[in-house]
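Okay, so here's just one chain, in structure tokens, the form predicted on its own.
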């Protein structure tokens, strides 16, 4: 069995841990051979973008962030940006991918990524490619699994950032707004805000009211606590308003989705006319993606990387590994295309409200 392996979409801690587990079990127990596909699906479109992937290549990579294979969130083989007549146009390069897989003599493809990467994997499966998937995203928004690796490490970054901002917020009696990744799902902001002790947690699932926030902030400043921490998702927006967009989908060739950003500044501008307190915005950005995986993410990534070979061994193509109710399992790749959202009636939101955290509604 000869398998191609790629990591697609945004990087996150734990990708190398998956590669290590995949290769070690594949070589030591199953006798498989692996080819590393570089820069996501781009390695199946452009020539000479592969590397050997054996025991030597994965030695010592368990604690390393990023991915030794490189990645891309713009290399969609069904809408790949190609320059024609001085302009970038999206072209269907799936036929090139099929020929490349055949030329590499691959028996199957292991695709490690989030909703975009796994959607493309499912599309390749529909074209006859043997594909299995491994879910990855710091956003934790894939409906096919209860948790993705990379999420825990990102939550740690958010919590530490809020911890640090607490001291300067208190010293200057400021309102500190912390903008957090997560796109259309608020899991990262919810868990990071809870862990960091934020006063407000604003998520896309619950459009916030400026009036409600102003009233709550005034209450806080009338007490001995004369500062506040607001954890806001990049996808959060005011009731009746819209998400803050940094770049439109048509501005990023090959990406096909908008790039969110600026929700923190939008909130600060809305609050400023109503408050005497100084408001400062901190955008955590790609700090949330970088660094070593947490121990929890190392374990989950190792389990996923090893488990994905059960799918290969059993011929369960067009499936991905998942975690459901604390147990490893598998589900179809088509299931990964459904976006998961925070349950506003769930225990975390309910209990957060019970201890005085406001969701701005």
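Here the structure is a predicted model, which means the values were calculated and not measured. Numbering follows the first chain given and starts at 1.
The form predicted together with ligand F6P exists for this protein as well; it is not shown, and the discussion that follows is about that form.
A.B. asks: Among 134, 190, 131, 181, which has any heavy atom within 4.5 Å of ligand F6P in the predicted complex?
C.D. replies: Checked against the cut-off, the match is 181.
A.B. asks: Sort through 166, 216, 259, 127 and report the residue having a heavy atom within 4.5 Å of ligand F6P in the predicted complex.
C.D. replies: Contact with ligand F6P in the predicted complex is made by 259 alone.
A.B. asks: Which single stretch, out of 101-109, 225-233, 153-161, 138-146, brings residue heavy atoms within 4.5 Å of ligand F6P in the predicted complex?
C.D. replies: Among the candidates, contact is made by 138-146.
A.B. asks: Does residue 289 make contact with ligand F6P in the predicted complex, using a 4.5 Å heavy atom cut-off?
C.D. replies: Output for residue 289 is yes: heavy atoms within 4.5 Å of ligand F6P.
A.B. asks: Whether residue 71 contacts ligand F6P in the predicted complex should be assessed with a 4.5 Å heavy atom distance threshold; does it?
C.D. replies: No, residue 71 stays farther than 4.5 Å from ligand F6P in the predicted complex.
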